[in-house]
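The chain below stands alone and is given as structure tokens, in the form predicted alone.
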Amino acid sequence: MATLVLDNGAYSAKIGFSQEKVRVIPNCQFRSKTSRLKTFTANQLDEIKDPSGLFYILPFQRGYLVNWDVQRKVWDHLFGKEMFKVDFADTSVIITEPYFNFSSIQESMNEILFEEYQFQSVLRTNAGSLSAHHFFSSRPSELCCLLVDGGFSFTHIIPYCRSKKMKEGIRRVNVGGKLLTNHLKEIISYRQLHVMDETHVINQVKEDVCYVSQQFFKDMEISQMKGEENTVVRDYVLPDFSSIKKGFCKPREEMVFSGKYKTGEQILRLANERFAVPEMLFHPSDIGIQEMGIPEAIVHSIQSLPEEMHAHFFQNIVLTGGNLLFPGFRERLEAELRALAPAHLPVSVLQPDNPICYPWEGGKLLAHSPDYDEIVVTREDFEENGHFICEEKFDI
């Protein structure tokens, strides 16, 4: 019996059989400007010759799965003969869903997995529960951990105690990767070049040049200096999709501080944008989102839990998700938490080697655990008892 682990995120799906390696695949469909009629699904993105003005069709809106037509197409592609060649009757699937998912979405998912695809058995869980399983497996002596999951739509803070999530401590900050990319698009469009249609390209820019500042106001001053003294400024070469397939940062020694480049590439000059965009994770109020930043939300979450656990949570803060990969994020978060936490409690923030696939690896471990068969719902169970059995068995 094979087990397929599918961490079904709003931006990318992390998928693979539990005996094999994970693959990260865009969880959406694309249309390109050049071939208007053809729709590309998931990893067919690589086939698009000119990905400028790429149009995304996403199954998720605001963090919840609402567009089932798109999700079905993506899953058909992933499970089909081009990708994983899933033999449904002999396959169990571990699939993730958002926290506080709506029951109507859960029921649709049950029906699609059991009735349309006819998987042998299903385990539906939160990505955080898989991450927690991974963490507790690698550190059996720990009792508690606090997961910070920075995704495409939201950042969630979820406390776990002995692999059980503590619902009263879950916090959600409505800042995710999508918001940061959109904000960067707006700033660049306003300051230098109209890029509102270039989500794909600007997302790449964000991943390549943005970082989290340790001293925001000091970096702000540096970014306004002229010439060589400005250590923050970077020139980003935009792709033209003929000779330059992927944008990149110009090396410091090749930068021209006065005048134009002779080479004729299209250049974005980025200074304070590099750290002002990720700063929204710490201060969403900067752009009018009246919410706590991540450090305050973490402290708020921990303070809502029993006092004797506080020390354990502050010591085991685990960062997962692709939106927390900015250089300097871990250090800044640790410094801000140190300032907010009670002085006698040690604070430690861990970032795993591959935070994007951390929950998937947890699912892989779970698939090999001895009591796996007891926590899944089989197709017979579902046909006999319907949605009720899923509600009862899955800890959502």
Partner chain sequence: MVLEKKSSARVEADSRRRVLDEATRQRRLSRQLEALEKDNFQVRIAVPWILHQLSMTTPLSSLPPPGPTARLPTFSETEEPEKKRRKTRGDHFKQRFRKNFTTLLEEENLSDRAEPNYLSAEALPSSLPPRLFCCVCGFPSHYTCTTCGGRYCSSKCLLTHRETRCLKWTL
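Bear in mind that the values here come from a model prediction, so they are computed numbers and not experimental data. Positions refer to the first chain, counted from 1.
The form predicted in complex with its partner chain exists for this protein as well; it is not shown, and the discussion that follows is about that form.
Candidate site formed by S213, M255 and Q303: none of these residues places a non-hydrogen atom within 4.5 angstroms of its partner chain in the predicted complex. The closest heavy atom approach of H312 to its partner chain in the predicted complex falls outside 4.5 Å. Although the partner is absent from this view, S104 contacts its partner chain in the predicted complex, with a non-hydrogen atom inside 4.5 angstroms. Among residues of the shown chain, S242 is not one whose heavy atoms approach its partner chain to within 4.5 Å in the predicted complex.
Its partner chain in the predicted complex comes within 4.5 Å of a heavy atom belonging to L37. Listed residues R234, K206, K165, K178 were compared with its partner chain in the predicted complex; K178 is the one with a heavy atom within 4.5 Å. The contact with its partner chain in the predicted complex, taken as any heavy atom within 4.5 Å, belongs to S223 out of S121, N316, T125, S223. Shown alone, this chain has one stretch from 282-290, 89-97, 127-135, 234-242 that lies within 4.5 Å of its partner chain in the predicted complex by heavy atoms: 282-290.
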